[in-house]
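Read the single chain below, which is given as structure tokens and is the form predicted alone.
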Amino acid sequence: MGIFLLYLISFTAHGQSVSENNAPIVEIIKPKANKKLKCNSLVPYSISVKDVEDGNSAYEEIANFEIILLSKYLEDSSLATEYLENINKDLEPLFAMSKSTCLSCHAATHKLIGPSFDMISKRYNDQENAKTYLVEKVIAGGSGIWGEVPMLPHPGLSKQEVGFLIDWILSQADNPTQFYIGGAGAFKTKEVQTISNKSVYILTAAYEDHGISDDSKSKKHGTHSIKLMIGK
């Protein structure tokens, strides 16, 4: 037994991990699945996150700004499977931004300190060299475009990392992804004129952990999705 313990100490001392990172367990506590929602209404939500390495959201061990809720309205519930199969297209850039300061200043469709992502997309989407300009702007920071409050510089991010985020932001003009930050809050349902009995909302709660010693290659994420009915 003593030799085995010495082997473990030696193994970890050289910067190698003897255990694999565990994936987070994410659960939408409320609303409950299949609940019927009304149009143009606020719906309270709460999310639980448990991670062996990072901690438990119930004890405030999980950073609130790293918990994400996606809200997706679908006219036909048959579209839900395809939507969920491709949900990482939205989650990956949002996970990356949750580790920075982006989501403290920018929301999906309404202005916070800075413009919303759909506002940015509508302004720049059709402009030549928009991506190059925005990548340089994010890295350098500055003010004067959307107001006097300056955007903080992000010198620690590479052009490739920022370019990945800009590609996603520029895709948000016509059908922006509705997302909310935090383990509790409220989301607003759409004001829809015509609703069929097939219309649904898909809620997806998500959290990406910090991996082992913040090693990006060992990071894992957990998600939980539920279907909600929608009516007048």
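In case it trips you up, residue 1 is the first one in the sequence shown, and so on. These figures come from a predicted structure and were not determined experimentally.
The same protein also has a form predicted in complex with heme C (HEC), omitted here; what follows describes it.
With heme C (HEC) left out of view, choose which of Y83, F95, Y124, Y73 has a non-hydrogen atom within 4.5 angstroms of it in the predicted complex.
-> When heme C (HEC) is considered in the predicted complex, the option within 4.5 Å is Y124.
In the predicted complex, the one of N88, T132, T109, T101 near heme C (HEC) [non-hydrogen atom within 4.5 angstroms] = Looking at the other structure, the residue within range turns out to be T101.
Just one of 176-184, 55-63, 163-171, 26-34 has residues with a heavy atom within 4.5 Å of heme C (HEC) in the predicted complex, so point it out.
-> Result of the contact check: 163-171.
Spell out, yes or no, whether the shortest heavy atom distance between A140 and heme C (HEC) in the predicted complex is within 4.5 Å.
-> No.
Is G147 one of the residues lying within 4.5 Å of heme C (HEC) in the predicted complex, judged by heavy atom distances?
-> G147: contacts heme C (HEC) in the predicted complex.
Does any heavy atom of C105 come within 4.5 Å of a heavy atom of heme C (HEC) in the predicted complex?
-> Because a heavy atom of C105 falls inside 4.5 Å of heme C (HEC) in the predicted complex, the answer is yes.
Although heme C (HEC) is absent from this view, report whether I113 comes within 4.5 Å of it in the predicted complex, heavy atoms only.
-> The answer is yes: I113 has a heavy atom within 4.5 Å of heme C (HEC).
Who in 148-164 is close to heme C (HEC) in the predicted complex, meaning a heavy atom within 4.5 Å?
-> Heavy-atom contacts to heme C (HEC) in the predicted complex: V149, P150, M151, L152, H154, L157.
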